[in-house]
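In structure tokens, one chain follows: the form predicted on its own.
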Amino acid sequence: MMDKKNIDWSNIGFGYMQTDKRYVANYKDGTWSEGVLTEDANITMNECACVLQYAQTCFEGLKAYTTEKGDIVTFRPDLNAERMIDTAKRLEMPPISKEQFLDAVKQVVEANAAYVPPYGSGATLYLRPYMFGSNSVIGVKPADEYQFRLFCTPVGPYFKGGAKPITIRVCDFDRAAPHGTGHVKAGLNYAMSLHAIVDAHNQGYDENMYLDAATRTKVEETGGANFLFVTKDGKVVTPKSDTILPSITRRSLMYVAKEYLGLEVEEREVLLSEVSEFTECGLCGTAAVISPVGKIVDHGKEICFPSGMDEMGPVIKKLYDTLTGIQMGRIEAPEGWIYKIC
């Protein structure tokens, strides 16, 4: 294995750092090219490229880790590949095959192994696969040519100095319409969330809780993470909706809750009116695994969870410790969850 880069691993933030190689494949005349690694981090395209005019783009996010044994692995990349295929179909983009997606992940991590943070640093290598319509399109229609790229960047621990519970607000903006694109990872979903998150930060909140657009009575997600709730009797509950992005982290945590911790789990519609009855709340996603929520503010009415504002609640902490233990190789993983790179 190549020597590690001279980076202060414990002090890098969650930002972009250019690494040595990235993967590029092009779609033209009905087929995807084989794909190559390149040192060029820049993209050149026509001013009328479909992605610039009509936002025809999608992405994924996953991480590579150094395990306790010193192996470099990724966590359930096959599910990222499947989700990207679903997204591409919804956006009338040609899906890249699961095999090519996984090969791109392997090539990029191997080529940038010197940037994979060492075990115990709290840092990881973040992988960003994405795809966009690349040829010029002026009438509103899908592109004919596409580019798939995958780059990586080392990122620091999401929580520096421990996971402090955050305060979120019930948002007046809608994240996704019924029968819209809320269930896929389209760039346009994130573009329209920017105003809402900037507004939340300006008002002193860390995140938004989005409700269903049809009735505005049910909890959906935050735009970047899914919700997990814990009941008084220790059951783990997650909202069910056709407009929520199916989080790979959430699916994994629900499995861990049931199979590793012996907890009862339930995926169902969650009404805003019942949120005050839960004892713990967390937001789950690739970046942080689980962010604990201490308080939700619903137009001036405060919902404070018994787990408090100082640390993760006991059930969420157990879930966090177990899943990160599986990812880092400290705990035996379910078959197929850990994809060894080198």
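Note that the structure is predicted; figures quoted are calculated from it, not measured. Don't overthink the numbering: it's just position in the shown sequence, from 1.
Unshown form predicted in complex with a small molecule; subsequent notes refer to it.
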property	result
In the predicted bound form, H183 touching the small molecule (heavy atom, 4.5 Å)	no
is_contact(T286, the small molecule) in the predicted bound form, heavy atom dist at most 4.5 Å	yes
4.5 Å heavy atom contact, K141 to the small molecule in the predicted bound form	no
Contact flag, W9 vs the small molecule in the predicted bound form, heavy atom cut 4.5 Å	no
Partner-facing stretch of 230 to 238, 120 to 128, 254 to 262, 268 to 276, counted where any non-hydrogen atom is within 4.5 angstroms of the small molecule in the predicted bound form	120 to 128
The single option of Y158, F151, Y205, F132 touching the small molecule in the predicted bound form, heavy atom within 4.5 Å	Y158
